[in-house]
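This document starts with one chain, in the form predicted on its own, laid out as structure tokens.
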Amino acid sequence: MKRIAIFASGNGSNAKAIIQYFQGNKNIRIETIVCNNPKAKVIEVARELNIPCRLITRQDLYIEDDILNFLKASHIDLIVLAGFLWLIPEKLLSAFPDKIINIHPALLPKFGGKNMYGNRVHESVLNAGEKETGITIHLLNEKYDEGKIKFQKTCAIDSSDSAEDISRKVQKLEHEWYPKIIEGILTS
């Protein structure tokens, strides 16, 4: 049995898509959701889909070893970032080498880095006059959005598209492809 911990900070739409994709899978299980935002809607997603949720503080992640010990005790095989906005500390990167992945709502290396998330990314893509955008799934390293790219998928940008239109197109790609790539990583 392969076990996944999902780290999320927001609405939880990717977390929900991942959880639903693996429901009934006898070889892969979502073990927990780790959340750093007590007001995040992902907490409701966890409750609705019967996934344990652990709320953490900066101290829990960066200073204490509680979260590291919890992940190890839970026999986590893969940490999946799904809209988690804090930089993952070196101690987790070392404990889970090449076992932490992230999804970014643009085609890296463009439009990545600190503070590049959500509509900020889509607005930047739009303002740059790009003709396409998409998703990037990558391994984590010590810098925002600079880890080894595992997968990219594109979508066209129409001249009439708003940042919200782009967001919808990108989110559709995220929900379709992120669970499949996670499954591929865990079964290869």
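Don't overthink the numbering: it's just position in the shown sequence, from 1. The model shown is predicted, which means the values in this text are computed figures rather than measured ones.
Here the subject shifts to the form predicted in complex with glycinamide ribonucleotide, a form of this protein not shown in this document.
*Asks:* Name the single residue among A95, L85, L78, I88 that comes within 4.5 Å of glycinamide ribonucleotide in the predicted bound form, judging by heavy atoms.
*Replies:* Of the candidates A95, L85, L78, I88, L85 is the one lying within 4.5 Å of glycinamide ribonucleotide in the predicted bound form.
*Asks:* Taking heavy atoms and a 4.5 Å cut-off, does L107 contact glycinamide ribonucleotide in the predicted bound form?
*Replies:* L107 lies outside the contact set for glycinamide ribonucleotide.
*Asks:* Is I103 close enough to glycinamide ribonucleotide in the predicted bound form to count, meaning some heavy atom within 4.5 Å?
*Replies:* Yes.
*Asks:* Spell out, yes or no, whether the shortest heavy atom distance between P179 and glycinamide ribonucleotide in the predicted bound form is within 4.5 Å.
*Replies:* Judged by the heavy-atom cut-off of 4.5 Å, P179 is well away from glycinamide ribonucleotide in the predicted bound form.
*Asks:* If you look in the predicted bound form, which residues in 105 to 138 sit within 4.5 Å of glycinamide ribonucleotide (heavy atoms)?
*Replies:* The stretch 105 to 138, when checked against glycinamide ribonucleotide in the predicted bound form, contributes P105, M116, Y117, G118 at the 4.5 Å heavy-atom cut-off.
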